[in-house]
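Presented as structure tokens, the chain that follows is alone, the form predicted on its own.
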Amino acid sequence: MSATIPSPSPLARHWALDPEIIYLNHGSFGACPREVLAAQQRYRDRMEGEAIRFFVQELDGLMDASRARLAAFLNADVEDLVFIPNATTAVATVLANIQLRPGDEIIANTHEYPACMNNLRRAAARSGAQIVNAAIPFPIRSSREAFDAIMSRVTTKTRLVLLSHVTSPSGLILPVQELVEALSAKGIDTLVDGAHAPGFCEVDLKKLSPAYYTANCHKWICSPKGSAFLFIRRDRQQNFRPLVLSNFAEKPKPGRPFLHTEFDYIGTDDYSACLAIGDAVEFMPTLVEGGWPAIRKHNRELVLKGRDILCRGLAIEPPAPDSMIGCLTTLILPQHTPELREKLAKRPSKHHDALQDAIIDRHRIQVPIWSVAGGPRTIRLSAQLYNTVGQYEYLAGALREELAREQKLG
């Protein structure tokens, strides 16, 4: 490909991204700004400077300060939030605290994150509960289709619904408010996997009021890796325990919530990523006028422009309405003949599909290529402040070239 690789946004200077790579995959692991990494290092320096003082005297106060800033961002009470390494661990923690019984049904949908489904299957196998799959279509015409797909699977045996706020493989914002309300009216708890949601779309936990809600902060809040939270509604907190019990188990600290006593310290670890969540919440909105609402608006408009560029360049149609799109969008790539698809699927790859290897190796673009619910091959675009329209134009050209190269293999 002879086209010049486009430059990132001027705001890219705030990130430590490889300048030789066009990074269109913020959604997978996020990217942490230099300023937030510097804040994390200051916490680490403090820990290494005097570890006894840090863990025994200072850690609780530092965790509380970070939690307070996060709670304000989420419109949640600090008493209902605990830190956790990632959303998958949070899902496993919730499942370990729910007393599932043989015959109980847990609803999940076909766009759920594989790691969460792995933990759900293990919990079901141990308890004798049954997993009920709700098939959300893709392409999809409206959020009502997702609502109906899930609610149609509810029975008198439904105990829990695992529900992504933003689906990982397809990048869809699901109607979580309507679903939580409808399920709560039937006495059914919801475990909302909001891995992508904070910083991606508005999250108001007091308004949403699910039984459980978890999210990764390292994605769209842009905190360091290993920083996430779990919200446990007040009426579900009694006897709710972390997966690992450490020194303070069954020994609540005076004047401190038992939930925080147990979750804030589960053994010797580097807690600096969680401490830096508050720094990320406060730093990111300084990058653009208008703060977090402006960031969300910018990223959504940019990803929609990128989507439209690929649709025109590849002669494809958007598979989802704009109303279900935030800072991610997934497109169905042009399809080859069944015979050629079978041949291409056998190629070795470090990723889900060898087309992704080619896009990285020949064009220096990092973007995921996979499928949604076992369907045709898709590409998922992310948009963050460091991206530009020119990068999506370059991607469109690279895809045309690689799809043509694949066609010659038939």
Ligand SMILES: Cc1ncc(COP(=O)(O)O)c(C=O)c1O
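Start at 1 and count along the sequence shown; that's the residue number. Given the structure is predicted, the values throughout are model-derived calculations rather than measurements.
There is also a form predicted together with the ligand; it is not shown, and the following applies to it.
**Q** Can you check whether residue 86 is within 4.5 Å of the ligand in the predicted complex, heavy atom basis?
**A** Residue 86: contacts the ligand in the predicted complex.
**Q** According to a 4.5 angstroms non-hydrogen atom cut-off, is residue 166 in contact with the ligand in the predicted complex?
**A** Looking in the predicted complex, residue contacts with the ligand include residue 166, since a heavy atom lies within 4.5 Å.
**Q** Report whether the minimum heavy atom distance between residue 366 and the ligand in the predicted complex is within 4.5 Å.
**A** No, residue 366 sits far enough from the ligand in the predicted complex that none of its heavy atoms falls within 4.5 Å.
**Q** Using heavy atoms and a 4.5 Å limit, would one call residue 216 a contact residue for the ligand in the predicted complex?
**A** Residue-level check for residue 216: yes, a contact with the ligand.
**Q** Going by heavy atoms within 4.5 Å, which of 250-258, 182-190, 200-208, 158-166 lines up against the ligand in the predicted complex?
**A** Only one stretch qualifies here: 158-166.
**Q** Within 4.5 Å of the ligand in the predicted complex, heavy atoms considered, which of 277, 176, 303, 195?
**A** The residue in contact is 195.
**Q** Pick from 349, 371, 41, 28: which residue has any heavy atom within 4.5 angstroms of the ligand in the predicted complex?
**A** Selected residue: 28.
**Q** Can you name the residues of 100-129 that have a non-hydrogen atom within 4.5 angstroms of the ligand in the predicted complex?
**A** Going through 100-129 in order - heavy atoms within 4.5 Å of the ligand in the predicted complex - the hits are 113, 116.
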